[in-house]
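Below you will find one chain, with nothing else, as structure tokens; this is the form predicted alone, and questions on how it binds or moves follow later.
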């Protein structure tokens, strides 16, 4: 390893890159993916078997856990109970509601100005505190915000405009190419306030951890997804995590140019 080329060399092996490619949805495999998804969704027996499955341990001692919670735990539990995914949107959120959603999901919790690495800690656990995932916001109909593509800057607590939408019909037409009807069904984009996209920069993690860093990137996505869900539940906003998109189309839509930049998950936002 040449440390001088740390930020330029590809930290992932060809095996890891092949996994990212083979797990991508493309115009050529979207129907196959849709058929697999629908076969599970349309036969309740399969879903019940998957969801209800538990590991078989044989005869073991069972210790009941104490369900007497303190006030802080009760408050957290109540928010988690409210957390749910919804695909039915009827109203648009406004900029203040979007701000609450983002600012309470991903923010700087502590700064270490005297630390040798000048690190800052954020509101999720991240392998090596490298934070390889950025949040992008595709604004469709958020009240009080220009339509277009934004990136959320947690350091400045701000949205930065990357690309204005221009013509609405063309903007929506390009977006529909990212989210195929074959997988998602006929979503009405006019009812969706916006789409959060979890954009990974894989080499931020893999430059230090190699292929194992790919696991840490995906862990960041999971932590961010839960934070956004809980923040939405607390703020009266509805959301649904969406994994059905054409990877390269969405990457191009967001303007990703480096091979290690990719969309790892999306989330539809509304009320």
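Residue numbers count along the first chain shown, from 1. These figures come from a predicted structure and were not determined experimentally.
The same protein also has a form predicted together with a small molecule, omitted here; what follows describes it.
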So which of 234, 34, 218, 241 gets a non-hydrogen atom within 4.5 Å of the small molecule in the model of the complex? 241
Of these, 84, 173, 155, 90, which has a heavy atom no more than 4.5 Å from the small molecule in the model of the complex? 84
Based on heavy atom distances of at most 4.5 Å to the small molecule in the model of the complex, which listed stretch, 42-50, 58-66, 204-212, 241-249, is the contact stretch? 241-249
